[in-house]
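One chain is shown next in structure tokens, namely the form predicted alone.
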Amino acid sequence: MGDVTKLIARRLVYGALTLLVVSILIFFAVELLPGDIAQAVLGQGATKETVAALREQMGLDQPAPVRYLHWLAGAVHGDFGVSLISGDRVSAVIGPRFLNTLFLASYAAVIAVPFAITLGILVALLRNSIFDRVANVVTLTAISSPEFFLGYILILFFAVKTSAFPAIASIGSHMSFGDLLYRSFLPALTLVLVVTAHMMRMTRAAIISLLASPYIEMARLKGVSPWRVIVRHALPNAWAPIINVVALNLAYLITGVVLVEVVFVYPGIGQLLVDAVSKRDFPIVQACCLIFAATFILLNLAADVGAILTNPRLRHPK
């Protein structure tokens, strides 16, 4: 148990260092953008005195490293500053949007994860059959298609031609849970189509690679049914790579929803990021990027921990 604790602690330290480096890149990438932020906010008609006063109010008269340390200290406490456009606290603006994104990602994950693992087991069991070939063609098509293309295809068939679901996923806190599921079905389905393909193919590959193992051959010689061989013998040893790919796809569901939210005008953090970029609202841009990075790193850490806990060779390294 001590080895596991040390491995997890080491992963946490690496994750914290990675997030620190990413925060530096995010902050100074905005600093390198051309133009004056204060001038962009006030417009070309602003006087020099007004621009200077705004620069002082925003702290732009201080050196960049000092401003980074102030920004990082505030971010650690959940304070990302003030929006340049609305004047509201960035945390207050992002909070509801991030909850909407989490809802959409959870909606897609609840459908995609069990469906993908079950489908991967089936195609491994029916390897080289017509069902296996069709599933591989469909999943490769889904992987190769951009998210916005799949979104527009779903809008064409389910919103324009059949009117089964709304093309614009406008949701609000006043809606019932059923209305939320109904209005956000198309963006969730778009995400399901993308991540299911990756998880299904990884599950299939992990199980097939184990089917040639000696203990699997012994189970077959004893007359164990093919389904029982996969579920009771192959699947438990295939959990490590499956957990990794599931965690990575869950990270994608949160960090890769920008295009999907834009296509369906979904009020999530991805749509907020695009709006903030177009309006040059840099505090919101920095906060959104840092939240995306932290979420991705956290889920990668969860994948590493899951792989350690499910793989004895990682729990007891030599």
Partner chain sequence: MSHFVLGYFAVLIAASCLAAYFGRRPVFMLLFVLTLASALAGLFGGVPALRFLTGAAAVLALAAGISYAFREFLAIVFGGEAERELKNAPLTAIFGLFVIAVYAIAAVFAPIIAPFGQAEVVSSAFAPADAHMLLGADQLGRDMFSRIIFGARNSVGIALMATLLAFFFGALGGLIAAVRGGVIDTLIGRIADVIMSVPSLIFSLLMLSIFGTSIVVIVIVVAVIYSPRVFRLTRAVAGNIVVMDYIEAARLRGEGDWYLIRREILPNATAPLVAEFGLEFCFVFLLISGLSFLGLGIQPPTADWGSMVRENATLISFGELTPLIPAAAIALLTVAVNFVVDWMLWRSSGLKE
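Rigid core: the largest C-alpha set superposing within 1.5 Å between the two forms. Positions refer to the first chain, counted from 1. These numbers were taken from a predicted model, which means no experiment stands behind them.
Quick note: we don't show the form predicted together with the partner chain, though the next part is all about it.
When contacts are defined as a non-hydrogen atom within 4.5 Å, none of Leu7, Pro236 and Trp239 contacts the partner chain in the model of the complex. Residue-level contacts in the model of the complex: of Leu99, Leu181, Val160, Met218, one residue has a heavy atom within 4.5 Å of the partner chain, and it is Val160. This chain lacks the partner; the member of Leu72, Leu140, Val224, Val231 within 4.5 angstroms of the partner chain in the model of the complex by a non-hydrogen atom is Leu140. Interface membership of Gln286, defined by any non-hydrogen atom within 4.5 Å of the partner chain in the model of the complex, is ruled out. Remark: Val82 does not count among the residues lining the partner chain in the model of the complex, judged by a heavy atom distance of 4.5 Å or less. For the chain shown alone, Asn244 is a contact residue for the partner chain in the model of the complex, at least one non-hydrogen atom being within 4.5 angstroms. Interface residue remark: Ala64 is not counted as part of the site for the partner chain in the model of the complex, having no heavy atom within 4.5 Å. Of all the residues from 125-146, those having a non-hydrogen atom no more than 4.5 Å from the partner chain in the model of the complex are Arg127, Asn128, Ile130, Arg133, Asn136, Val137, Leu140, Thr141, Ile143, Ser144, Ser145, Pro146. Core-superposed comparison between this form and the one not shown: the C-alpha position of Tyr252 differs by less than 2 Å. Once the cores line up, the CA of Asp281 ends up 2 angstroms or more apart between this form and the one not shown.
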